[in-house]
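So this first bit is one chain, no partners, the form predicted on its own, shown in structure tokens.
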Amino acid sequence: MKQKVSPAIVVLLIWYAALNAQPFESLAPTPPMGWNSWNKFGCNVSEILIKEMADAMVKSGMRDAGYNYIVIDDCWQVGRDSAGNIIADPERFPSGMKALADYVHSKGLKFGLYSCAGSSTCQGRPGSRGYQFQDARQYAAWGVDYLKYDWCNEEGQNAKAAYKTMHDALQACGRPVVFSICEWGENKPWEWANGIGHLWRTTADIRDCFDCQINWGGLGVLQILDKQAGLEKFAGPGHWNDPDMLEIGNGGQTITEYRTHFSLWCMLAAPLMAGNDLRTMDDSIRDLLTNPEVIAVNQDTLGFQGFKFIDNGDLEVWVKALSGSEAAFCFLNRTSQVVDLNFNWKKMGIYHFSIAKNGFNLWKNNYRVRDLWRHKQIGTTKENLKTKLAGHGAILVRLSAIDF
């Protein structure tokens, strides 16, 4: 005979699950790393594609490099059933989302989905407005670990209130879910989203170009970079500014530009969400995306977002404090022409430059200078840093103290 479970017991079990769930603030101690379907595939998503991407993430070495989220963006959903439950496209996802999440998890990866704060998504699929708690329970039942939550068709909602509602729903579902706020920076989420989401978009969508702006909202790498200056004080462990996903490997930029793109996103402590076809990427793209020394700058536990230290127009210097009283410097050539770099470290020390929180001081100490793309020491701060910067190129170095 089937035994009925009392409502009180159900409430107690939900309360117990929530009590023992991983605390919200501890879910993203460093910027999330993974892969998202949108930049390469748009609406052309399927169960087969996602399984192949999970396989490729493992085979390519990306999982071992730190990438662990496989996220399906818009167009996986087609409607709701008579009870209001969200329905995945039965033709493209015939085994269902629970089985697909189980497959992703079996590869040692985590599973993510997309939804929207509006009543419909950017591609006209069912959004979560009015169904936030019901959708969160469904995601938990499927095994979702990451939710990207968009801002199309928002119908005049207050952004903070709308994202707080979904935050509360995820908290109540009893499963730890990283919450990615995607409202394009329109309502300055860096001022209110800490404690609501783990990351928040700061700009319009990225495009696969280094220096461009599309009339209807797309931005190139440099245009997005410019909008990050001054936001560093809002980022830190568990709460990250998000300058959008990576375009590396999608064919619109040179390998030099892609290397600069990755260097800058690592300096910004940005979430690293690849958006290329992992199955077919060549060795140069794989090696770029999995460079352990560059990724270490992004994933540094201090959680400091890099800031623009020097702006000489065509040449910029960005600095990021690192744990262990170290720092990363990124020298950026914004032009398409080769630039001769001759950087006097000690001259910068005249300004008593130091980075709070970690004791780094360029004036008081001498530092070894390590080129993180060439994997070699290239001198110390006792002598000038001299090199040629390719057009749209960057050099990324790490400074570690020789003496104190």
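Note that the structure is a prediction, hence the values are computed from the model and not measured. Each residue number is its position in the shown sequence, starting from 1.
A second form of this protein, the form predicted together with alpha-D-galactopyranose (GLA), is not displayed here; the remarks below concern that form.
A.B. asks: Does alpha-D-galactopyranose (GLA) come within 4.5 Å of any heavy atom of residue 194 in the predicted bound form?
C.D. replies: Contact with alpha-D-galactopyranose (GLA), no.
A.B. asks: Answer for residue 87 alone: is it within 4.5 Å of alpha-D-galactopyranose (GLA) in the predicted bound form, judged on heavy atom distances?
C.D. replies: Result no; residue 87 lies far from alpha-D-galactopyranose (GLA) in the predicted bound form.
A.B. asks: Using a 4.5 angstroms cut-off on non-hydrogen atoms, would residue 168 count as touching alpha-D-galactopyranose (GLA) in the predicted bound form?
C.D. replies: Flag for residue 168 set to no.
A.B. asks: Please determine whether residue 123 contacts alpha-D-galactopyranose (GLA) in the predicted bound form, using a 4.5 Å cut-off between heavy atoms.
C.D. replies: Yes, residue 123 is a contact residue.
A.B. asks: Check, residue by residue, if 38, 73 and 201 all come within 4.5 Å of alpha-D-galactopyranose (GLA) in the predicted bound form, counting heavy atoms only.
C.D. replies: The answer is yes: all three residues contact the partner (heavy atom, 4.5 Å cut-off).
A.B. asks: Which is the contacting stretch out of 219 to 227, 320 to 328, 90 to 98, 145 to 153, given heavy atoms within 4.5 Å of alpha-D-galactopyranose (GLA) in the predicted bound form?
C.D. replies: Result for this chain: 145 to 153.
A.B. asks: Note which of 258, 240, 114, 265 lies within 4.5 Å of alpha-D-galactopyranose (GLA) in the predicted bound form, where distance is taken over heavy atoms; exactly one does.
C.D. replies: Contact with alpha-D-galactopyranose (GLA) in the predicted bound form is made by 114 alone.
A.B. asks: Considering alpha-D-galactopyranose (GLA) in the predicted bound form, which of 177, 245, 136, 332 comes within 4.5 Å of it through any heavy atom?
C.D. replies: Going through each option in turn, the one that passes is 245.
A.B. asks: Within 4.5 Å of alpha-D-galactopyranose (GLA) in the predicted bound form, which residues of 173 to 188 have a heavy atom? Give them in sequence order, or say none.
C.D. replies: Read in sequence order, the residues that approach alpha-D-galactopyranose (GLA) (within 4.5 Å, in the predicted bound form) are 182, 184.
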